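Read the single chain below, which is given as structure tokens and is the form predicted on its own.
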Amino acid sequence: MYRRKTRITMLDVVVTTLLILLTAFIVYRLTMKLNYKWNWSIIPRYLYFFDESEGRWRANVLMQGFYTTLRLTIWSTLLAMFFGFIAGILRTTPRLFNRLVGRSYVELIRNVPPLVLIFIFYFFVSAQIMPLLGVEDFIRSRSPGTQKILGYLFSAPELFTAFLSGMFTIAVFQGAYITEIVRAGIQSLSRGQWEASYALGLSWRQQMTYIILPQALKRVLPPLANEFINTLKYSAIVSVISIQELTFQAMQVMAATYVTIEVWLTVTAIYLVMCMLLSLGVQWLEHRLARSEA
């Protein structure tokens, strides 16, 4: 496969220079004009601390929030893919009712702000559905070992209900976009694929299982990977319902130390590194798929 060589143009040099000058100007304004006292020494202690009782380093509030963000992102993405694939298939079925259900879900979710969905799910799911299902009582009645495992996989028992509410909200919101990705992937296949499989005597379910979905899945994998990055970024919004993810913990540190810019620059760097690593993973996946098709 032919790869185009990377060239550094004059535009690249100009843009890079402007970004460096802009960064230097912001630092100058903060340091000299606003008389801001930088205090970077306080950040490491909120990342990790040495626990003398256990004799080892442990994650402090910022890294605990980071781990919660990862757990929230992973579970939300898996659930969003489940919602998205179901609704995406419904949008391509021959039955009008199924298509209406899938479209109603997409149009309703995509036209409602995610912050509104957060509060709806939190006050409805947490206050009505969770007590009805007895989720909180079930978690609290488990053994300490089971609670520790659930806390490692999801969240602490006292925050389990809020965690599930945030997870479902992000999953439902992202599922609407994944629905359109799956629908577009299925409809991108030529009509001949359907006709050939129908001529072989396959039912609609067999067509989707053995012919259509395997081909469509290869086409939608790169955009699905991009939605994983979007889910990571959208996870910050659940801080409004006191889920102790990275953004919420950053606000707690800022309120306790009155160190503002250093905290948010640290959080920005953490999100940036995570998203860049995921972007590199998406690029690698796209190259692998392109190579397999070639």
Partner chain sequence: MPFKAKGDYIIVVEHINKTFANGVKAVVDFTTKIHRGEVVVIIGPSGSGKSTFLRCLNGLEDIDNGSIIIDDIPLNDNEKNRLEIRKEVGMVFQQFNLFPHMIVLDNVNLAQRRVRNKSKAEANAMSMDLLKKVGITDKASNYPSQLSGGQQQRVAIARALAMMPKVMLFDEATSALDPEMIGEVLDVMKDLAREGMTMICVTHEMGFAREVSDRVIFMEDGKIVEVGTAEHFFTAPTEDRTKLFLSQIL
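Everything numeric here is computed off the predicted structure, so don't read it as measured data. Positions refer to the first chain, counted from 1.
Keep in mind that the form predicted in complex with the partner chain is missing from the display, and what follows is about it.
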*Taking heavy atoms only, is P131 within 4.5 angstroms of the partner chain in the predicted complex?*
no
*Just to confirm, E195 within 4.5 Å of the partner chain in the predicted complex by heavy atoms?*
yes
*Partner proximity in the predicted complex: L200 to the partner chain, non-hydrogen atom cutoff 4.5 Å*: yes
*Might R205 be said to contact the partner chain in the predicted complex, defining contact as any heavy atom within 4.5 Å?*
no
*Counting only heavy atoms and a 4.5 Å cutoff, which of 142-150, 107-115, 207-215, 164-172 contacts the partner chain in the predicted complex?*
207-215
